[in-house]
Every structure is written in structure tokens, then in C-alpha cells.
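Next comes just one chain, in C-alpha cells: the form predicted alone.
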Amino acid sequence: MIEFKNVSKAFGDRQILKGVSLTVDAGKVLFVIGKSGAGKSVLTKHVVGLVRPDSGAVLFDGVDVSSWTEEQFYPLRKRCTMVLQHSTLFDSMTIVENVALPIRKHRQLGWNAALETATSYLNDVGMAEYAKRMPDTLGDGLRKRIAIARALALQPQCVIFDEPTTGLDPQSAIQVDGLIRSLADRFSVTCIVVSHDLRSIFSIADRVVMLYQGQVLLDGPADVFRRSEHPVVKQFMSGVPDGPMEL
């Protein structure tokens, strides 16, 4: 579904990605991991045109989108949505209104029809009972679930999650993980997850890609990372401060 071909990206003198090549399988959950600054978010933002490669190509359903204009990316961003670390809900609108807004805009539905449709998406993420609440009355975990419902409202083929469980309590993190897994299992949505959360990786990932020094260090199922004898992988997975990994 998505393919990165020898993608390189630098910001000023800092080379972030150095010829990254990988494919993202449709309907699967792919985790992109690595230390802070490894280029995980930079890589995934290439898919929706928030970052453009200096060289290489990014393909979506076989089409090279690397040189697309901003206007060309508009329809793609409906097919591939992002759920950011901060839920970015409108605090002046109710929960159901937050989810209904993109439905009304992009499907050209009346407000009542959009609200009804939004309620069904809230039901999918177990949040229908909070439909009339305001976002600032809910905790971070519930707000993240609403953000996922809002992303689903565009009926995407792919959802990119940027640190979805960071800052959440363990129970909320487990619930968010379950939602991500269900997107792939129930709706065949491709999920790309940027995360440091080892518990999430081993509980829901179909495949894991580790970036290090601008390149793919290891790519495979989570168990491959458990068994790896590579010193950098072992240090990352164990979380110990001392080792060969560059800080």
C-alpha cells in the first residue's frame, strides 16, 4: 500500500533519513520505533506531504506522491489520516460535534445527518455515552479515543498514529492499543504507529521497523526484536542507559 524507496531527508546540516526503504502492508499494524530524533515522525509525515524527501520516492497505492502539490495531497489526506500525540479537539464544541465536523465538511451532509453519523463512530470506539460532553471534561485517554473516532469519520484506508499512548495511564494505554488493533482487524485499516511503548509493540504490532542513524536497523515481527543479539537493539529493548546506542 505504502512504499518508501531510498528516502533521504535533511534539515540544514542535520541528515535525518539516509536512504530508507520499506513497504507498509495493507490492513496491518506497523510500528516504527527508535530513539528520539531517529526520524520516525519525519518518515511517516512524508506519506501525507507534511515533509517532502530530498531524494528517493514515496508511493501510495503504487503512485509516486513525492513531488505532488499541496492541492494534490488534499484527497490523499482523507484516505490516510493522522492521530497526533495531542488530540487537538475543539474545546468549544461537544464531543459529537468534534467528530461531526469533518463528516459534514468532506461528505457534504447536513448537520443532523453528520451528528447521527458521528454518533455511530463514537459508538465504534466506546464513546457514545460521552457524545454531549465537552472535551475539557475528559481525561487524555478518552480524548485520544475521540480523536481516533474523528479520524475514522473520513473512512480512511490508513491511519498514522504519532505516540498514541504517551502520557496515558496503563489502563487508558491498553484501551487505545485495543482500538488500533481493532482498526486493522475489523475495518482492514492500515495502521502506522510511531511509538516508544514496548508494551504496545509486543501486544498489537504485526511488524516493527527500527530506525537508527537514519536507516532501517531491523525490520520484522516483534519476536525478532526479542531474540535479536544486535547490541543497539538489545539496549533499546531493555531500556538501559549504557550501551553502544548514540545519544
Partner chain sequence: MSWGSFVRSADEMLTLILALVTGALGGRFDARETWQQLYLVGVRSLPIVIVTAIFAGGISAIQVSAHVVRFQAYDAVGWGFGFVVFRELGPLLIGLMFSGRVGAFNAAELGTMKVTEQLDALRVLAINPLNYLVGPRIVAMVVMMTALVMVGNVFALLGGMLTAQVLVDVDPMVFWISLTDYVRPVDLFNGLVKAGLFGFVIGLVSCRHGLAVDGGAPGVGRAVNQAVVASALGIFCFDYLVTAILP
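Since this is a predicted model, take the numbers as computed values, not measurements. Positions refer to the first chain, counted from 1. For the two forms, the rigid core is made up of the largest set of C-alpha atoms that agree within 1.5 Å on superposition.
Although it is not shown, the form predicted together with the partner chain is what the next lines describe.
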>> Taking any heavy atom pair closer than or equal to 4.5 Å as contact, tell me whether L50 reaches the partner chain in the predicted bound form.
In response: yes
>> I'd like to check something about E71: if you look in the predicted bound form, is any of its heavy atoms closer than or equal to 4.5 Å to a heavy atom of the partner chain?
In response: yes
>> Taking any heavy atom pair closer than or equal to 4.5 Å as contact, tell me whether T117 reaches the partner chain in the predicted bound form.
In response: no
>> How about R145 - does it come within 4.5 Å of the partner chain in the predicted bound form, if we only consider non-hydrogen atoms?
In response: no
> Of the options I174, L101, A128, A113, which one has a non-hydrogen atom that comes within 4.5 Å of the partner chain in the predicted bound form?
Replying inline: L101
> Are T81, M93 and K105 jointly within 4.5 Å of the partner chain in the predicted bound form, each by at least one heavy atom?
Replying inline: yes
> Would you say E97 moves between this form and the one not shown, meaning its CA shifts by 2 Å or more once the core is fitted?
Replying inline: yes
> Is E71 one of the residues whose C-alpha moves 2 Å or more between this form and the one not shown after the core fit?
Replying inline: no
> Are G37 and R143 closer or farther apart at the Cα level in the predicted bound form than shown, by 3 Å or more?
Replying inline: closer
> Given a CA distance change of at least 3 Å, are R186 and R143 closer or farther in the predicted bound form?
Replying inline: farther
